[in-house]
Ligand code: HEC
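Encoded as structure tokens, the following chain is the form predicted alone, with no partner shown.
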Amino acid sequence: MHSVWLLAVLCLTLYSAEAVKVGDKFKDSGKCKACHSHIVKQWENSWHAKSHYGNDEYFQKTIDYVARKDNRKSLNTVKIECATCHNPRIAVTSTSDEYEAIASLQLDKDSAATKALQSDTISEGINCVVCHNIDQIHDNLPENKRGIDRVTWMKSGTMTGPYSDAKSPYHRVEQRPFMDNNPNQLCFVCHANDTSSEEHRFTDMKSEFNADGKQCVDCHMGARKMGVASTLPGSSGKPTKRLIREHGFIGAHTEGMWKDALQVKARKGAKGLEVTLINPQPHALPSGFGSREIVIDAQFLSAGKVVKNESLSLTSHYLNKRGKPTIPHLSAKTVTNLSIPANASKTFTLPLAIGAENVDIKVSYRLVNDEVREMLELKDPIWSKKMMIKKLNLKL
């Protein structure tokens, strides 16, 4: 009787799965290299290529932490929820109470959810077939609908792009305006907001975005340059030259991206050292994930010797529903937010050092603040590395 019950529950779980089919010919980027090798190579070095659970320590340990702290959900359920953006081509998009019953008994090894999470189709994270197989983006949906829940896919084998005259002998090609005229629409399918398991909106990049004529791709894919999207010969016998962008999707992880990202001014004020950060970017800094951080380090000197060091962390801190510090994804409340809004400035005051003649000021960026890095036990040095934004010396 027990076996019959389990079989019935498993059938209910399978029934709840929503299949998203991707043909074998298109499920991994290796199939795209024949014609787009230079673009695939750029993508391979991007963090889009690392968005899978097995490829990003921060993502992996965040999921593990959420599953460990939230006893309402199994590890696989948390993975599937996060796959909404991190692995949008996953074949199972939700689980059920019946599935949780199976998972709690560790009898979900052969379930549709487990098989979907082990599929090669999602192992590359945000790959070619994620962005270039979208038919429609539904901006009329509630803001909590993101990633896979915000798009309609083309049939497998039909790719979308910015060009109306693009052709390929290997797949159909259709133009879509969000690939060129309104690329922000595509970015904001996932990079719009983040809501915790307690329904707390801890990041809302779409609302904070102050475009002023800028597009996300202007910084994160670079300016259009003449090149080839496909190496296939056109009617002239040579590849068709077009205005294209880079596909490395550079961002917060790229150290060179931070050089002069903020303008920095400093002066000796009545109450201390005043450091003003001016943000010319179209979104707040820091932004993106809730644990990112800007650090102001001040080293006070006298006769060339260090008198005192001061440091100020500009980041966000979160509390869970019990009022305890937590990671953003489990938060019920934001208690500190020191980010600088788009096209705006903030001034911060640090204590002066008695007898100091001058001060070296360094403003840098870190991907994860100390609090969250310690909670998640992150080991890779990239999460604590300070990436230089600006440094200057001020005579006092």
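When you see a residue number, it is the position in the sequence shown, counting from 1. No experiment lies behind these values; they were computed from the predicted model shown.
Another form, the form predicted in complex with the named molecule, is not on view; read the next lines as being about it.
Participant: Would you confirm whether the three residues 63, 159 and 168 all fall within 4.5 Å of the named molecule in the model of the complex, going by non-hydrogen atoms?
Facilitator: Judged in the model of the complex, 63, 159 and 168 all sit within 4.5 Å of the named molecule.
Participant: Is residue 220 part of the interface with the named molecule in the model of the complex - any heavy atom within 4.5 Å?
Facilitator: Contact with the named molecule, yes.
Participant: Do residue 174 and the named molecule share at least one heavy atom pair within 4.5 Å in the model of the complex?
Facilitator: Yes, residue 174 lies within 4.5 Å of the named molecule in the model of the complex.
Participant: Using the partner position in the model of the complex, report whether residue 35 sits within 4.5 Å of the named molecule, counting heavy atoms only.
Facilitator: The answer is yes: residue 35 has a heavy atom within 4.5 Å of the named molecule.
Participant: Whether residue 127 contacts the named molecule in the model of the complex should be assessed with a 4.5 Å heavy atom distance threshold; does it?
Facilitator: Residue 127 belongs to the contact set for the named molecule.
Participant: Select from the listed residues 78, 275, 103, 314 the one whose heavy atoms reach within 4.5 Å of the named molecule in the model of the complex.
Facilitator: None of the other options qualify; the answer is 78.
Participant: Would you kindly say which of 326, 230, 74, 111 lies with a heavy atom within 4.5 Å of the named molecule in the model of the complex?
Facilitator: Flagged contact: 230.
Participant: I need the one stretch from 251-259, 302-310, 318-326, 94-102 whose residues put non-hydrogen atoms within 4.5 angstroms of the named molecule in the model of the complex.
Facilitator: That would be 251-259.
Participant: Could you list which residues of 188-211 come within 4.5 Å of the named molecule in the model of the complex, counting heavy atoms only?
Facilitator: Contacting residues: 188, 189, 190, 191, 193, 194, 205, 209.
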